[in-house]
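Quick heads-up: it's one chain on its own, the form predicted on its own, in structure tokens.
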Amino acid sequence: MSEKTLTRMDLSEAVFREVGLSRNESAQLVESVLRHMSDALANGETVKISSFGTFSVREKSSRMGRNPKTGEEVPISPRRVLSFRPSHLMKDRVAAGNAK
């Protein structure tokens, strides 16, 4: 398994090579897309990217947890969490990549 991480710079470099925008314009485009996605998620909207997956925000209610070290019960406050559900195409593509 590869230890490579895809970064914003990698994405903007790919836009530069594939689309032909300048490096600066490519970086601005990537930043704009990521900003739109994060703004939508912060507002509680769902972000669905066809053939990739769906990002959504879930509201988790308060519950009782347990400190694994001491066994003491601790209240866990309600919070919002980000979740990602990959599309079937993405799942198949990742599974095919593991079969190499």
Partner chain sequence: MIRSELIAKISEENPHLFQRDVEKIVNTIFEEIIEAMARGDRVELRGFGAFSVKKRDARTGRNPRTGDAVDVEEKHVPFFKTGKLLRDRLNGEAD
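Positions refer to the first chain, counted from 1. Every value quoted in this text rests on a predicted model; they were computed, and no experiment measured them.
We do not show the form predicted together with its partner chain, though everything after this point is about it.
Enquirer: Are any of the heavy atoms in residue 66 no more than 4.5 Å from a heavy atom of its partner chain in the predicted bound form?
Expert: No - in the predicted bound form, heavy atoms of residue 66 and its partner chain never come within 4.5 Å of each other.
Enquirer: I'd like to check something about residue 76: if you look in the predicted bound form, is any of its heavy atoms closer than or equal to 4.5 Å to a heavy atom of its partner chain?
Expert: Because no heavy atom of residue 76 falls inside 4.5 Å of its partner chain in the predicted bound form, the answer is no.
Enquirer: Does its partner chain come within 4.5 Å of any heavy atom of residue 62 in the predicted bound form?
Expert: Residue-level check for residue 62: no, no contact with its partner chain.
Enquirer: I'd like to know if residue 72 sits close to its partner chain in the predicted bound form, meaning any non-hydrogen atom pair within 4.5 angstroms.
Expert: Taking the distances in the predicted bound form, the answer for residue 72 is no, it never comes within 4.5 Å of its partner chain.
Enquirer: Quick one: which residues from 17-33 get a non-hydrogen atom within 4.5 Å of its partner chain in the predicted bound form?
Expert: Counting only heavy atoms within 4.5 Å of its partner chain in the predicted bound form, the contacting residues of 17-33 are 17, 18, 19, 21, 25, 29, 30, 32, 33.
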